[in-house]
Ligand SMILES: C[S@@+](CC[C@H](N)C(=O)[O-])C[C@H]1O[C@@H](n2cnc3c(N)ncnc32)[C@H](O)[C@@H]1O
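In the form predicted alone, a lone chain appears below as structure tokens.
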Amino acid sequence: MAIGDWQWDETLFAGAAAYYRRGRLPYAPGLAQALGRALDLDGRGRLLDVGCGPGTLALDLAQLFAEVVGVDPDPGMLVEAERAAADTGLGERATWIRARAEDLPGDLGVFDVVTFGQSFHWMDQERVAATVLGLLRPGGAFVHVADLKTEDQKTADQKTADPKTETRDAEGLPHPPVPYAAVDDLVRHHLGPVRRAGQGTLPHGTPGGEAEVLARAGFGGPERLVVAGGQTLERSDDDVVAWVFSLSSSAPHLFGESRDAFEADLRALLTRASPSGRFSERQPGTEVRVWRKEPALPGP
């Protein structure tokens, strides 16, 4: 995929897999149950999770399906996914395939649901949407899952199009909040002011507009589902370090020989913010958008 002058390359998440499951916040509790009700899932269908990473979303939803297939181009992510599947007793029902979304194998079969857990923005959206339409059974669902944005995380266009947000204030939490702004400043100090991504940069971020892309591909929708968050989460300084290294914009390889110096600066920053090494924050809500493939027409 090309975004401006940026081209995807396989170093996008290089070295991040070992940190991903620990560092990333979980999806809101009750996501699987809410999605199961919305899509009337009964444990018999097939799920394809595209850009599956270490299997976080696929394994969270595995209870709803008889078979789960995860696809990701990063080999480290697939190693972590296989390990997690084995640990949870789901190894026999889960298959992990190394491939880009743009190069999905033609022999995967037909799926009831195809999910994208905060991954569609990295892809050639037009091409992937057309491919997924062909992989879904009639009436099947294209599902995009993401953290629900707070008001200050939204762009002006997002605020206009969708005024529903949530607040995640730190009032009443037992430990200091994670100093996200200071961490971002530190990353910029080490890597420069423009967002890094693999071997290139993303000065304007990744594209949106998925609704228009999917409509052009022939999907109907979207239907919007919000699973509420707000629960208190406790995070250690090691968790926050793992979060930083799980991001494409601060993946370990980007720091080169300065990685140890960056981590030392990061840990010093976190110690100043919370000498106990403990942080608290609110669980983000989870936003699900569902597009449908048109059901087959009844026979004569």
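Small disclaimer: the values here were computed from a predicted structure and weren't measured. Note that residue numbering begins at 1 and tracks the sequence as displayed.
There is also a form predicted together with the named molecule; it is not shown, and the following applies to it.
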Quick one: does Glu223 come within 4.5 Å of the named molecule in the model of the complex, counting heavy atoms only?
no
Does any part of Trp96 reach within 4.5 Å of the named molecule in the model of the complex? Heavy atoms only, please.
no
Verify the contact flag for Phe279: yes if a non-hydrogen atom of it lies within 4.5 Å of a non-hydrogen atom of the named molecule in the model of the complex, no if not.
no
Though only this chain appears here, would Tyr20 touch the named molecule in the model of the complex if you measure heavy atom gaps against 4.5 Å?
yes
Thinking of the named molecule in the model of the complex, which stretch from 120-128, 172-180, 136-144, 192-200 has heavy atoms inside 4.5 Å of it?
120-128
Single option in Leu270, Leu35, Cys52, Val244 placed near the named molecule in the model of the complex, where near means a heavy atom within 4.5 Å:
Cys52
Which pick from Leu254, Leu57, Val68, Val240 sits with a heavy atom within 4.5 Å of the named molecule in the model of the complex?
Leu57
Residues in 183-211 with any heavy atom within 4.5 Å of the named molecule in the model of the complex:
none
